[in-house]
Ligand code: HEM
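Presented below, as structure tokens, is a lone chain in the form predicted on its own.
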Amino acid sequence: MNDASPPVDPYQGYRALRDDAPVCQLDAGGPWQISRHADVHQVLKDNETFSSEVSLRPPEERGQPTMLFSDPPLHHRLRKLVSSAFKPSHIERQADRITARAELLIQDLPRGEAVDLVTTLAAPLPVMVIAEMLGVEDGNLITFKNWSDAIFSNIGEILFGTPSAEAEQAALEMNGYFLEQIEAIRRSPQPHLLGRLVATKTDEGHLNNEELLSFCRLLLIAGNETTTGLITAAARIFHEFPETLSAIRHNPELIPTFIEEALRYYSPFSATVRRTTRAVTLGGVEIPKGELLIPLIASANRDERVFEEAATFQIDRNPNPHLALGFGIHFCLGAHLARLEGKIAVQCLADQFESIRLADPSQTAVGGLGGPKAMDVILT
């Protein structure tokens, strides 16, 4: 007897929240869910009222802060150190190399039989790019991805509770690997991003090992999860709306708006987290100081108050003010890179295949944090 039930569609729940309880507390003393676009936008925009320093664990337990979970001035100092590597002009210069990698990965995909798109394309492509930027392209990409998955899937426990043994082991192994790279760079300086970070001298002096490790962890994890989620979202859309693949093949100029609509329709990150620094009224609801908020990005991006026919995929939607890559000071540092990788992957898939469908649509749920861990597709 098969007791498996189909995955729950979170978008139905999001719509109910937007209509009936757009700002609501999960339980007494629990976090608050924010589901409408206007309110989510306000939370992401106002970093003074809605802090990213969300963890209440002692600093010695949660480790060195990262850009994701810090406020100015620390956030600005950290972001400034790496922002030059992610300038659009610098990223665009990598387009040919990214295309060559994508073509190489796609040409090896089997035709007419189920293949896991995550392990064959959606994960290795962005991991390769970030590994090269960090100067660790000789490392084991599968290991990098496994570390990333173990840590990212436990982010809630890392911030608010006790990390799993798997997450702690992954962090230990990742730290050990990168510490070896950092020490090697100190002996022999290198021109890549990690080499430049090791050589950087700030007002406080050179970055220490823990600061350098926090950058490596952030870039390796955040740098692959967004693109993995975007590529798998594109595949799901090709399955659900086959006409989009044909449209792109015949008119590649549609790819940029396809990418933006894919980001909106199946946002790589369904939610983020903030904490109130003062009592505030949001969506007509009073929220005390010190409360944890969960802005539901995936819900905001389907808000009928902002997007006409929000529940439909429109390949040429314009304007498209989605929040899939964040907003305000925490707008995704690698947004241009993720968009470029997504465009290239979609173009290469459209060039090679007439049909991309999910082998088992119930295999993976939508609306999670980051991309799925597996997605079997059939390519013809």
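This one's a predicted model, so the numbers in the text were calculated from it and none came from an experiment. A residue's number is simply how far along the shown sequence it sits, counting from 1.
Keep in mind the form predicted in complex with this ligand is missing from the figure; the text below concerns it.
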Quick one: does R274 come within 4.5 Å of this ligand in the model of the complex, counting heavy atoms only? yes
I344: touches this ligand in the model of the complex, heavy atom cutoff 4.5 angstroms: no
According to a 4.5 angstroms non-hydrogen atom cut-off, is P31 in contact with this ligand in the model of the complex? no
Distance check, F144 to this ligand in the model of the complex, heavy atom within 4.5 Å: no
Indicate whether the candidate residues P124, T232 and M375 are all in contact with this ligand in the model of the complex, with contact defined as any heavy atom within 4.5 Å. no
If you check A171, L254, L218, I106 against this ligand in the model of the complex, which one has a heavy atom within 4.5 Å? L218
Contacting member of L213, A298, A222, V198, with respect to this ligand in the model of the complex [4.5 Å, heavy atom]: A222
Work out which of the listed stretches, 278-286, 180-188, 262-270, 163-171, brings a heavy atom within 4.5 angstroms of this ligand in the model of the complex. 262-270
Partner contacts for 226-255, taking this ligand in the model of the complex and a 4.5 Å heavy atom cut-off: T226, T227, L230
